[in-house]
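Before any questions on binding or motion, here is one chain by itself as structure tokens, the form predicted alone.
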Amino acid sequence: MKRCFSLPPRLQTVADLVPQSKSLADIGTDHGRLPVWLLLHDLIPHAVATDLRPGPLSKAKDLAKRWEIGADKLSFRLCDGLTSLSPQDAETIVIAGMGGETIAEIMADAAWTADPGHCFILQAMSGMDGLRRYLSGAGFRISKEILVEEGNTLYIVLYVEPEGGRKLTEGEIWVGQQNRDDPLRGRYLEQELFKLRRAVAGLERSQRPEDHEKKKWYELAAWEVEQMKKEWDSWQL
């Protein structure tokens, strides 16, 4: 194998979760680094790279050419989300680097994502609560949640399967369920608890009836996350 380029921590975490020897679709591939890296390491047999914009897709093609990845290993499609993919095109679906609501919309627009036989590796740049709420309501199971730090920002990568899920609580929707020994979890819980408390304080000043109901959700989530933080702190003693 040629000496390969390295991936940034966020993408490396995604790559580490990709099942070996299974075909992959990288949705919103941008520069194509993830599928090219996986193919160069012989971790997957074939990949489809898609993007909504021709510019990034052209750069992905250039990267594949530079590393001598042939069309029999990596194909490219200009499309919106999963619109040009069929269930047979890939076993592993990666959707990373987008907002949580956008990822949820992409999955909801492709009815076959709810069928067994696929796994999904999802990484949202924002709106994790909206993504978890969609997955919970649609019956998906979040099998793994990995925290990763890149720069000064914490990101979460989800490994999701299309069956066996359960309804998440409001606290779980907001912060998920990472391993209790994850060294970043305490900081993440503290960060999200601060956001929830700030949201509650803002809603308390509102006179709109719908905000009164919304405040109840945030208060419940804040209480649950506070209990999770206390539990995590007790494990550190």
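Residue indices: 1-based, along the sequence shown. Just so it is clear, the structure is predicted and the values come from calculations on it, not from any experiment.
Only in words, not in the display: the form predicted together with a small molecule, which the text now covers.
Interface residue among 142, 119, 146, 98 relative to the small molecule in the model of the complex, by the heavy atom within 4.5 Å criterion: 98. In the model of the complex, the small molecule sits beyond 4.5 Å of every heavy atom of residue 229. Using a 4.5 Å cutoff between non-hydrogen atoms, residue 102 counts as a contact of the small molecule in the model of the complex. The closest heavy atom approach of residue 201 to the small molecule in the model of the complex falls outside 4.5 Å.
At a distance threshold of 4.5 angstroms between non-hydrogen atoms, residue 79 is in contact with the small molecule in the model of the complex. Stretch 24-32 is the contacting one of 203-211, 63-71, 40-48, 24-32, since its residues have non-hydrogen atoms within 4.5 Å of the small molecule in the model of the complex.
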